[in-house]
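Just the one chain here, laid out as structure tokens, in the form predicted on its own.
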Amino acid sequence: MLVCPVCGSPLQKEERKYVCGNGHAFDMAKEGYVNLLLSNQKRSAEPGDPKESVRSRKEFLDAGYYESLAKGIARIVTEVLPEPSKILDAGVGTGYYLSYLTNARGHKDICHAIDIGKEECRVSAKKVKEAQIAVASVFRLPYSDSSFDLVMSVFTPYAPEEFLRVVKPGGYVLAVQPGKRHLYELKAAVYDCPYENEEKGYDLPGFTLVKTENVIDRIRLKDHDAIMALWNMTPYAHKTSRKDAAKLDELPYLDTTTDFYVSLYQKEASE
């Protein structure tokens, strides 16, 4: 299933490395992931998030604030996929959602995952030990054609051509984006005129939209650390003035809405 990022030949596992028939070899890290991101595929010297950001996100998710989404993903996947199935998490992050899914489905699936960041892969490989995890770009997935029954894309960039290539005919893409009211109260604490998010889904030629669903919950961020951990996970943290962001320092806790817009797409069957 894994293919060489250099020549496209199948990769075979040999103890602590992967090797293709043309002699290209890729060592596995001690945590079990393999780095298949070539230097010419990088947009920066060290893609992905800093260690502190990944650690903060892991602590936030492991605290259960987004458990409603994890449950929703597991439920929707189970509605359409038999066990076992082959699943790819195309942007695994800390491994929270994939770990929840594998636990909910009794560890019967064959799971793969990629992320652009080494730190994300290191953390997720420790959390989801049964999954084969690779450092790779979603725009050049290191897998053979028609490898997966389902690809998960949770708050990550997506690549229509690659999803079409690696999903089996009749297989699925499950996409998660912010819903209209996602974190509305958090935004209202910072901005004078908060706005609702646009729900537009993915543009996936070759796929049919099967269903959309909003997974909505209400969470209490119990202290300032939790508020800032969530804030720093959002794109607002990078484009908001220090003056506005400082308003969060005045909050001992915050109740806010979580609204996840989930879309399920099915690949059209081959003629």
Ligand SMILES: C[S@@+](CC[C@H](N)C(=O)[O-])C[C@H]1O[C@@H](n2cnc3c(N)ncnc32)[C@H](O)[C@@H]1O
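Residues carry their position along the shown sequence, with the first being 1. Treat the numbers as computed from the prediction; the structure is a model and nothing was measured.
What comes next is about the form predicted in complex with this ligand, which does not appear here.
A.B. asks: For a quick test of understanding: in the predicted bound form, does each of 57, 93 and 97 have a heavy atom within 4.5 Å of this ligand?
C.D. replies: Yes: each residue has a heavy atom within 4.5 Å of the partner.
A.B. asks: To verify the annotation, which of these, 101, 131, 175, 116, has a non-hydrogen atom within 4.5 Å of this ligand in the predicted bound form?
C.D. replies: Partner contact (heavy atom, 4.5 Å) among the options: 116.
A.B. asks: Just give me the single entry in 76, 150, 186, 154 that has a non-hydrogen atom within 4.5 angstroms of this ligand in the predicted bound form.
C.D. replies: Selected residue: 154.
A.B. asks: Should residue 139 be counted as a contact of this ligand in the predicted bound form, where contact means heavy atoms within 4.5 Å?
C.D. replies: Output for residue 139 is yes: heavy atoms within 4.5 Å of this ligand.
A.B. asks: Any chance residue 36 has a heavy atom within 4.5 Å of this ligand in the predicted bound form?
C.D. replies: No, no contact at 4.5 Å.
A.B. asks: Looking in the predicted bound form, any heavy atom of residue 61 within 4.5 Å of this ligand?
C.D. replies: Although this ligand is absent here, residue 61 would touch it in the predicted bound form, with heavy atoms inside 4.5 Å.
A.B. asks: Work out which of the listed stretches, 102-110, 80-88, 192-200, 154-162, brings a heavy atom within 4.5 angstroms of this ligand in the predicted bound form.
C.D. replies: Of the options, only 154-162 has residues within 4.5 Å of the partner.
A.B. asks: What residues, if any, in 234-266 have a non-hydrogen atom within 4.5 angstroms of this ligand in the predicted bound form?
C.D. replies: Heavy-atom contacts to this ligand in the predicted bound form: nothing from 234-266.
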